[in-house]
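Two forms of a single protein chain come next, each set out by itself as structure tokens; they are called structure 1 and structure 2.
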Structure 1
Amino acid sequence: MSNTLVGHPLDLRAWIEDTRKLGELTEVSGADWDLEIGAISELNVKKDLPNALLFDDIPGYPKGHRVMTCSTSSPARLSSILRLPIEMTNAGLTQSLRGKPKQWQGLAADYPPVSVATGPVFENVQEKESVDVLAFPSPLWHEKDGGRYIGTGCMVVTKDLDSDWVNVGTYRVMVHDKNHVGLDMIPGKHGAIQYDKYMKAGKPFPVAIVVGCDPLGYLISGIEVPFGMCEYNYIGAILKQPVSVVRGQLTDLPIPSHAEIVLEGWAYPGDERIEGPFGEFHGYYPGKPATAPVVTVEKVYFRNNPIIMGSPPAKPPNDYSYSKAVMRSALLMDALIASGVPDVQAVWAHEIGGARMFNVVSIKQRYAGHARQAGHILSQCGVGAYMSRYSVVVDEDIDPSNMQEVMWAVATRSDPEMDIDITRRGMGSKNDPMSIAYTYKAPFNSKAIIDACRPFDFINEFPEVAEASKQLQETVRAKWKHIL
């Protein structure tokens, strides 16, 4: 890790000011941590153009102890987070992202984080008996949650036992009491692999939980970064500048110098408690309360007027479903083109399917079988196979992100007998809410490919669409924008 004194602070407050300038920030005063913040955020993301929300004056907490939600739920905000030119449309943002993940991954080694001596995160320090996680307004997000979750849009920093590999993952963090939190990590995730090593060696597992940061932090911590790569490096590649970090005083783990709140401590061998339930990305509670590792919090660092970054899962659209949809759509489009499918116009991984279970591609048909080719590859490519359920192919005049247009194409350009292919025993997940009805022992699921394109052998005879041309629509919208 470099000792250079120049690094990007990953400062949430700077991003909030940028969002305010975009006109996409709403400040909310007086909402209760007990269900109200969660419900307001949930209803907000169901609007056509949801703003980011910054909650203050939370009952029972000092003014200035705040909660941020809905940070990634618009094209403009998400493009600003990813340091891309500001885009106002789904298609524009997806196009801007094409090829970028591969580029960022290739550059990551050039941007190790840089250590600095101190930062605003150390403005306030709790230790020993003064540690009190309950001093922050962690929301109870939904009525059926197993507890209050301080960690949803968070970054959990851990270190490998046998190497220098630092992992930064987004794992949910439930408050047990003033100095204990539950850490739920799905088996196989990088943090869980590191945790298992420490437990088998009988050693305490060092953990630093970053509860508030520039949303780029939790966005990248929540995607599939290659095994052994540090997410700080990947973030640095996006920023074109290394991330500025300070060392945790207890564990020596690197944490962003401008983080809002950091919980630092240890997960001790055998220390587990009941955690959950909590919702998942598809909008269900798929599991019952279960044991999960406990982190004993021995130090808390926080800035003056600290901000919790909230991003809870829920029935889509949820707080982070838009960002997942955009990023996976760009990856799917790259995968289709790389596999040799020609004339791909656009791809959209719909939020209603958690950006996994309902995916749509639009193509300009060039030959017989083109639509089926695109649909089957969309369903089974490396990016798309996991938990995919419906893959729909539409013509180039259909916006794949517009569900009304997509379902109009399904209703008017497909025949159930001829145009729906079913593949069986595909790649599924035990996290699938439908798994309760499957008889498989392994996590399989069937997959449907729906060809909702005009039949290629009758494409010239197919009835024309009764609507204003795209050019006329744009002209009229510009002239009559005061009513449209």
Structure 2
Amino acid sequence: MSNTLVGHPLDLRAWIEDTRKLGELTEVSGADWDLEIGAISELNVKKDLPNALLFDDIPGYPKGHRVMTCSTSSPARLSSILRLPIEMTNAGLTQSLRGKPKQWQGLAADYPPVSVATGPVFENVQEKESVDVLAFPSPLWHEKDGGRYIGTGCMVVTKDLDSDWVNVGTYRVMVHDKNHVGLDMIPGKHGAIQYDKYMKAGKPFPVAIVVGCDPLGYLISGIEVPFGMCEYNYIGAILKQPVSVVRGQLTDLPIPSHAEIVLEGWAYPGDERIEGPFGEFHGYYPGKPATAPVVTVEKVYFRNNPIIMGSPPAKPPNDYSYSKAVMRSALLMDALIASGVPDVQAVWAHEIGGARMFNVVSIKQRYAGHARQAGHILSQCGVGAYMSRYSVVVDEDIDPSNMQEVMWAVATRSDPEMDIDITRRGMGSKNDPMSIAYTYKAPFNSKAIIDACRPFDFINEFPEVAEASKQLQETVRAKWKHIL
């Protein structure tokens, strides 16, 4: 099916209408920001094909002040967001995504954002004493969260101190009070690198937080776009037209002209406060609340009837685990091929590992050492290194996205002593639930590479699979379709 969003600018409302036409939008009236929106969204994504949810009539807020969740959780919606032909199945989407991230990355330089004089985002402006972040229905997503989070499916726009590089990253944003929010950027993330430079120079860090946008915005801000590249360029390459931006009146940072809500301000040197805890993508609340930079919000821009784009993490499957699995699998596949691993068949970054901690690649083995090469690169390449824990390599007859088949290969084609390599002091995270048991003084982890391929030196003698041949299966399925 063709994608009717092709040619549209970055606008959440156009995407909502498209989703309504696809029959994948559910409107919910009267759910409370206090835990109800979070719990409804969490239960919704446990369904087989969850709809996107648009919450209105939120108690305590004017009608029209809305929250959207579950935007990226189906193949049809994800292909619509990525401006690909509409795919109804996971296999179809994965197939049409093949090679696309590499193509988009290659084209990104041709699509710098274009500044326009004004846009719907400036329909309403709060400034000075009128700034009130609490005027929007930020949910308390999970019972043990440290506060209400206005930023989950958001885009945090920042600029490098000593170059023109603008970065757009998805980092969670907690409301402290009516004009202060906390920003949690993990060390090493591009926004955190830029922040550190300003702090070392003793200068306020300019920030614009886009709290509602076409979901393509946070989808791309939430993946590993190369260091130094602006996510707006990458998004432009997907749209095949530049992102239209207006300039923040305080910081001059570029903001999508059709954004729903934008918080603009500065993180001042030394202003860090306790932030979190927050239910995380791997399914746990990380250890203890820690300090994080505070943004003093000095201007708020918003459209009439603004929509917060929510994308709450939780025990997988969660709001964005499906899109992460699809996107990271495509990026890992491109990374493996770019690093010279031949005959990569497919890659899958499993939702149960938050699309980071349990990744599988299938290869057609060509030479001794091929499987280990693929496994180690999967575990350590730029897109894959952060928090990777188990990287599994399987033969081409195994579907890496099918956990039953993957674990069958692990159980029957690997010998623990011979086939599990462990690398130490790899790239971990302060948010790793296992870090409680680590003795490292910095966020390292260890990584296992499981070679679950038939041993290459005995590949021709390895026992044959006891399963009906593809041809026999097809014949029998055709003849016995009334019972199969």
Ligand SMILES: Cc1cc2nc3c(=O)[nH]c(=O)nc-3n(C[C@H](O)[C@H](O)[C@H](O)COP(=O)(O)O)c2cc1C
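When a residue number appears, read it as a position in the sequence of structure 1, where counting begins at 1. If you superpose the two forms and keep the largest set of C-alpha atoms that fall within 1.5 Å, you have the rigid core. The structure presented is a predicted model; accordingly, all values stated were derived computationally and were not measured.
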Correct structure when looking for the form predicted in complex with the ligand: 2
Displaced residue check between the two structures: D18, CA, 2 Å or over, core reference: no
D432: Cα shift of 2 Å or greater between the two structures (core-aligned): yes
CA of P400, rigid core aligned, shift of 2 Å or more between the two structures: yes
R389: CA movement between the two structures [superposed on rigid core, Å]: 4.5
Cα displacement of T475 between the two structures, once the rigid core is superposed (Å): 11.7
